[in-house]
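Take a look at this one chain, the form predicted alone, written out in structure tokens.
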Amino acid sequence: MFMSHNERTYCKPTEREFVLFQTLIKQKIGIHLNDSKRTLLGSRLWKRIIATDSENYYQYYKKISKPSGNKELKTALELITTNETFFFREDKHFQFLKEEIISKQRSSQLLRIWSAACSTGEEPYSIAMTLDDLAVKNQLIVASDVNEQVINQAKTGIYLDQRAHCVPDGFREKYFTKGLDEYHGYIRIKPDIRSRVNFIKVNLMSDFTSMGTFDLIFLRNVMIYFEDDAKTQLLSKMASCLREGGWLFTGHSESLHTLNTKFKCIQPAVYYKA
């Protein structure tokens, strides 16, 4: 009895194969996958190896490295950069947003906020709900990601119910509708909140300074994938997009203290552009 091609047993990429993908990913989107990510990369790409009739990771790498493989390269990068998140993750940032930023904002002043690695949209929608709950009307929320697939998913505003386990009291009823029938177990952001978030595709390794300046940038849980030189370059561009006195939020596992930047730490993962 022979095993069909589609029944091939999963195998992890070799060290040589992993290094090839590691280099390619860093070159294309600036993300550095450390050695501990070899299993993750393999598990996310294995189905594409099968689907494209590739014999192994090396052959798949050769396919997506050619100009003719641009479409499949895009698919591979999207698979690798998809991260699961949830609403109101790192809730201290939203408390700071309410108590230290919005409370001191003039009502006539346009508040410009950028969620710079929005993934499937939970972060920018959490921002939009926070602003709506505080009756902030004069606002612009831009949400971007390098992964077009997750941006399209974010635009639908449909999520598994469990993604909302950290939303503040009363927000479920105010901002979500519950799914019925085939959407049982899902929730959807109400149209008014969806309409307040502008989703766009941005590669943080490219020049994005034409986006203008913002009062607040969320750059959370992104720099853990960058090496120090890339972090410094990225933060320099971020500083160009942040007004004097603006705020930068990073992930709580990320620190800028060893880097030469224009940001002053106010509290863990909260920085001020002096």
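Note that residue numbering follows the sequence shown and begins at 1. From a predicted model like this one, the values you see are computed outputs, not experimental measurements.
There is another form of the same protein, the form predicted in complex with a small molecule; it is not shown, and what comes next is about it.
Of the heavy atoms in residue 83, some are within 4.5 Å of the small molecule in the predicted complex. Taking non-hydrogen atoms only, residue 89 approaches the small molecule to within 4.5 angstroms in the predicted complex.
Contact between residue 221 and the small molecule in the predicted complex is found at the 4.5 Å heavy atom cutoff. Taking non-hydrogen atoms only, residue 203 approaches the small molecule to within 4.5 angstroms in the predicted complex.
With the small molecule left out of view, the stretch that reaches within 4.5 Å of it through heavy atoms in the predicted complex is, among 28 to 36, 64 to 72, 46 to 54, 209 to 217, 28 to 36. Shown without its partner, this chain lists 127, 197, 189, 117 as candidates; in the predicted complex, only 117 has a non-hydrogen atom within 4.5 angstroms of the small molecule.
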